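Let's start with one chain on its own, the form predicted alone, as structure tokens.
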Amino acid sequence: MDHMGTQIADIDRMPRGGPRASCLDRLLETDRLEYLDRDSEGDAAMEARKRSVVRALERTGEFFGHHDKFAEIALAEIADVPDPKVLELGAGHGGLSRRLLDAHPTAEVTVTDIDETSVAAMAEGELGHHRRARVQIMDATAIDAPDGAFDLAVFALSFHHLSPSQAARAISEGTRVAGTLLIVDLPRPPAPLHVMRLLTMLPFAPFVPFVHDGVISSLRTYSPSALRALAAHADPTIEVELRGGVLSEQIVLARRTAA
């Protein structure tokens, strides 16, 4: 297990590359919002961009097997639980929750997102009619559930949308309501490789909403050292286990331990 015992007083000043990020890595971040994070009320064009990004995320998740891969990781964490209760945060399109329900015959899944349109779309689809699923609006930084209500909380490919202070609160809340918090997010590669990857994406960003959001996501993703710092800031009793993260997705398992 990896754990950082020192807390950062002003966590929002921490670079996405972590407390000791290089000068170049500190330049490779942005406060610019993805289309998914922008208010589209009354703006039909913006709402269309947001929906196109959600559809693209669902399609790429299917094509590259992300839903199956992430479901397998989640299922391993609840393998010994007879009737597990799972919370998905930032679900977006609900592809991961559908996989979990298909793969586990007794799991109960609460599928959530902070975006009302996404929640409405999931509620109107398969998840909204599944007897073991509940779809609702929920803020990952202020989870409306009692302590220990879930066996597992899952936050897949959405954690980077949060500012550092929000991310720390999400870790605190996720480990409060669930025995284990599983975070899956994009990797933050070493700075030179990061620059090369961005150069291949930037020409398409002004024209393709999915690529536009992908560029910003890349710049807002947290490094392993940043994730450790966020957990330590959330609560010194939270321990994190990190896997992958160089070229493949970062896998974070966070749990509370005795003080």
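Heads up: residue numbers just count along the shown sequence, starting at 1. Note that the coordinates shown come from a computational prediction; the quantities given were computed from them, not determined experimentally.
As for the form predicted in complex with a small molecule, it is not shown, yet the points below apply to it.
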How about Thr180: is it within 4.5 Å of the small molecule in the predicted bound form, going by heavy atoms? no
Ala232: touches the small molecule in the predicted bound form, heavy atom cutoff 4.5 angstroms: no
Does the small molecule get within 4.5 angstroms of any non-hydrogen atom of Leu227 in the predicted bound form? no
My question is simply whether Ile216 lines the interface with the small molecule in the predicted bound form - judged by any non-hydrogen atom within 4.5 Å. no
Among Ala168, Ile78, Ala107, Ala156, which has at least one heavy atom within 4.5 Å of the small molecule in the predicted bound form? Ala156
Pick from Glu47, Glu29, Asp37, Asp68: which has a non-hydrogen atom within 4.5 Å of the small molecule in the predicted bound form? Asp37
Specify the contacting stretch among 123 to 131, 107 to 115, 144 to 152, 171 to 179, defined as having any heavy atom within 4.5 Å of the small molecule in the predicted bound form. 107 to 115
